[in-house]
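The chain below stands alone, shown as C-alpha cells; this is the form predicted alone.
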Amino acid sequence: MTRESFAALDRRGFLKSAGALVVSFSISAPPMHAQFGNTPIPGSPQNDQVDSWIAVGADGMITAYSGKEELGQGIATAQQQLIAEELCVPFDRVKLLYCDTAMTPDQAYTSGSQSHPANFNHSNLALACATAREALLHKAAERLALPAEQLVIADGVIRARTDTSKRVSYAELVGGSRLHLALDPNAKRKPPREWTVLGKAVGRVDMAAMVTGEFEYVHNVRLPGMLHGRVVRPPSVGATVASVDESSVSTMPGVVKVVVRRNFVGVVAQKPWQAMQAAERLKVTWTPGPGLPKQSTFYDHLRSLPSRDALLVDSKDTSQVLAQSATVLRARYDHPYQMHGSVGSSCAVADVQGGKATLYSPTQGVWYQKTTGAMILGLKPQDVHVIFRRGAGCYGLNGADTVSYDALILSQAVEKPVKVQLSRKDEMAWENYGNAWTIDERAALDAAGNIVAWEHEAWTASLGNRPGPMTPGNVITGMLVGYSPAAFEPGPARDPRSYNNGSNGIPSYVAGRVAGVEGGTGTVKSEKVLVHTVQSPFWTGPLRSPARLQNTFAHESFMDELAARVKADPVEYRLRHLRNPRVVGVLKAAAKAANWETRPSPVGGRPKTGVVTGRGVACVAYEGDNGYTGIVVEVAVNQDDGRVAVKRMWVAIDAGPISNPDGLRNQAEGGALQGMSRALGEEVTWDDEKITSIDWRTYHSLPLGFELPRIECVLVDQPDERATGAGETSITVVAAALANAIFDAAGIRLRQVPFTVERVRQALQARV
C-alpha cells in the first residue's frame, strides 16, 4: 500500500484491507474518561468500545490502536507487551498503530507522564484487552461446550485444560462476524505475578530501523509534487508586518509563492535551499515590538506584575507560627526560562487540496492539531486528517505544533504538498519555553530542630501552551495569523477545595490538609502554598517536568538548608518529616545504593583550594502520586576555577508494576542526564528586543564529549500498586541534588539555576 493511499484510508478501510475482524459483545458502557481536563473530540473512536482499541485479523494477528504515541521514550514497545500479555499472544503477533485521526482514539496529549497510567491500569487499552480476552474465553466455552474455568489460553488459542483436541483460535471464534463490545469495568487484568511478556526486558521495536537509517521520521516524508517552505519570523518580540516586497525574490530560481497572512510571512519554492535563500532575501518591513524587560533584573520584575493567584494549601496559621518561633529560615530560589533545544529542528508535511487536508505532524496531540488546523484553514474538522510522524525529541512543546501550522498555511496557499523545516534560529527563538520561576521558602523550627511551619510563595511567567481543542493561538504561528493565546486574567486566590499537587508546589514534607483531609506526604501541619502567575513576554509551555522541577529545586534545596541549620543528616532529616511509604522507600533505596554516610553536611575542615568532593540527596512524589524518585549525586568541585564535574548518580524509581525494566531504566537515566544539563548550563537569554540564545554557541546544553557520570538505577517494583508515570520523575530532583552536593563539597549554596562556572566561582570567592 502506498503512503498516499494509506493517508486517504479510514479505519474501516484499513480493517478491510488488513483482513481484520473487530471483536465485540453487548455490555453496558462505562463513561468516557477525560484526560488533561478534555473529553474526546467529537468524531474520534469511542473510548468505551473495544472496537476502538483492538481488532483480531483472520490470520490471528492482533491490531491495536492507541492515542499515546512513541516519541522515543519506549512506550510503544511497552504497549505492545501489554497487549500481548493481556490477550495471551506472542509479542510479535501484535501490531500497534498510534495517533492517526482516521483510526486511533483520542487520548488527548502524549505528555505529562500520563501514557503509562492512562493505558496500563484499569481503563482504556488495558481494559479493552482484558474485556476482549474474557469475552473470547466465554465465546470459546460456548463453542466447546465446556465451562470457562476449564479452559486456558496460550498463543491466541483457547483449549481445554485436560483435552488438547478441544481447542479454538481467536481467528476461528471471530469468524466473519462483526460484534459490538463495550469495555467491561469488571473485566479482570492479569495479575503482575503471572506476567510472562509484560514486565520483561523486551528491546525497543523501533531500534533496528533507527540505527540502520530505515526509520521514517517526519523529516523523511516525501509526497508526489512536494514543494518546500520556509517561514520568515519577526526580527523582535512583538513586531508586526508593515509591508512585504514580493518583487525582492520574484526572479529567484525556484520560488513559487510568497505567502502573507496578517503577521505570518513565508515562502514556497521547489527545493529546500531555494526556499531558504528566498526567506533570507525577502524584504519585509516590520513595526517594532514594545521591547523586553532587562534580563539582569527579571526575577524582581516578575514579582512586580499583576498576577493570577492560586492557593494550593493553607492552614491559616503559618504567619502566627512563624512569628512565635525562635528559629525561622528564609531563602529565595530562581530558575530561568529554558528551551527544549531539540538537536533536529522541527518539521511537518502538509497536503491541502480541494477542501481536504492531510498533515504529517510530530505533534503530541493529533486530535487537537485536527481541530485547530481546521480553524486555521477554514475547513471542517472532519476534512482534516492528522497522521503522527516522529520528529525531533522534546519531552514537551518544542516547535512541532507551530511548524505543523506553517506547513498547513503554505500548502493551502499553493494547493500542493509542502514540507517545512524550521531553521535553528527560528526554532530556538520562537518555541514555547519552560517557564521562569522565582520562589520564596520560609520555615519555622522548634527547639528540637523539627519543622513546625512551611510557607512556599512562587511567581511564574506564562504565555500560551500546547494548542488545545480550540486554541491555535497558544503557539507563535497561530498568533501571527490572528488567534489569541489562552486568556490571562489577574485575580485573587481562593481557598482550595481539594488537594492537588500536580505542580509539586506543595512540599513533600507538609500534611496537605484540604477540606479536612490530609492528602500530602509529610508531617508538617502548619502550611501555606501561594502561587502567582504573571504574563510572560515569551511563549511558554511544558518542558519536561514543568513547574514540578522548579518547585522541587526550591523545596529540596531548602530542606537541605534546614537540615544543615540543625546539623542533621540530610537523609535522616527528610525521613523525620515524611509519612508516605513510597517516598520513604525510594529515598532509602537511593541512599542504600550509594552507601550513604550518615552525617551533617557539609564536612568541616576541608581545604579552600583544589578539588573537593561531596554528595547531595533529593526526593519527590511526582505530582503527588504519579511516580516516586529518590536520588543521590556525587560531584567534584574545582575550587580554583569553579568547574563542577558530576561523578556518580544513584537513582531509585517507583512507577508501580514495572512494565519493561529496560524502558524504565532508560527513562531514569535519560531524565537524570537532561536534568544535569538543565542544572549546569541551560538558560534562555535576551537583549532589549529579541532572544539571543539562538544556536549551540549561545544556548549551553551538555556539549559533545562531556564527562559522563556513572548512573546506577534502583527499580522499585510495586506489583500491587497502580501504574504511574516514569518519564519526568528523575529529572525533577537533579537540580536540587546537585546544589546540595556542591554545598556538601565546598560549603557554598547555589540558589539560582544554572550553576555556571561563573556563578560557582563567585560563590567560592564570596564564602567566609
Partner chain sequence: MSAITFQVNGRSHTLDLDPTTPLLYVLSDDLGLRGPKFGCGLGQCGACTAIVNGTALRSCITAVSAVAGKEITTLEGLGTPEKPHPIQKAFIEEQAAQCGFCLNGVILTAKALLDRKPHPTDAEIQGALSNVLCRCFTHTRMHRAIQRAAREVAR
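Positions refer to the first chain, counted from 1. This structure is a prediction, so every number in the text was calculated from the model and none was measured.
From this point on, the text means the form predicted in complex with the partner chain, which you will not see here.
Problem - 4.5 angstroms heavy atom contact with the partner chain in the predicted bound form for Gly355 - result: No - in the predicted bound form, heavy atoms of Gly355 and the partner chain never come within 4.5 Å of each other.
Practice task
Could you confirm whether Gly341 comes within 4.5 Å of the partner chain in the predicted bound form, counting heavy atoms only?
Solution key: Judged by the heavy-atom cut-off of 4.5 Å, Gly341 is in contact with the partner chain in the predicted bound form.
Practice task
Indicate whether Ala392 is a 4.5 Å heavy atom neighbour of the partner chain in the predicted bound form.
Solution key: Yes, contact at 4.5 Å.
Exercise for the section: Indicate whether the partner chain has at least one heavy atom within 4.5 Å of a heavy atom of Gly203 in the predicted bound form. Expected result: Yes.
Practice task
Tell me, out of Pro192, Gly642, Pro272, Pro496, which residue has a non-hydrogen atom within 4.5 angstroms of the partner chain in the predicted bound form.
Solution key: Flagged contact: Pro272.
Handout entry: in the predicted bound form, the one of Ser325, Asn450, Thr523, Ser677 near the partner chain [non-hydrogen atom within 4.5 angstroms]
Key = Looking at Ser325, Asn450, Thr523, Ser677 one by one, just Ser677 meets the 4.5 Å heavy-atom criterion.
Problem - Listed range touching the partner chain, judged in the predicted bound form by heavy atoms within 4.5 Å, from 233 to 241, 312 to 320, 422 to 430, 85 to 93 - result: Among the candidates, contact is made by 422 to 430.
Handout entry: Residues Leu71, His219 and Tyr699 all lining the partner chain in the predicted bound form, heavy atom within 4.5 Å
Key = Yes, all three are in contact.
Problem - Neighbours of the partner chain in the predicted bound form among 662 to 695 [non-hydrogen atom within 4.5 angstroms] - result: Those in contact are Asp662, Arg665, Asn666, Gln667, Glu669, Gly670, Leu673, Gln674, Ser677, Glu682, Asp695.
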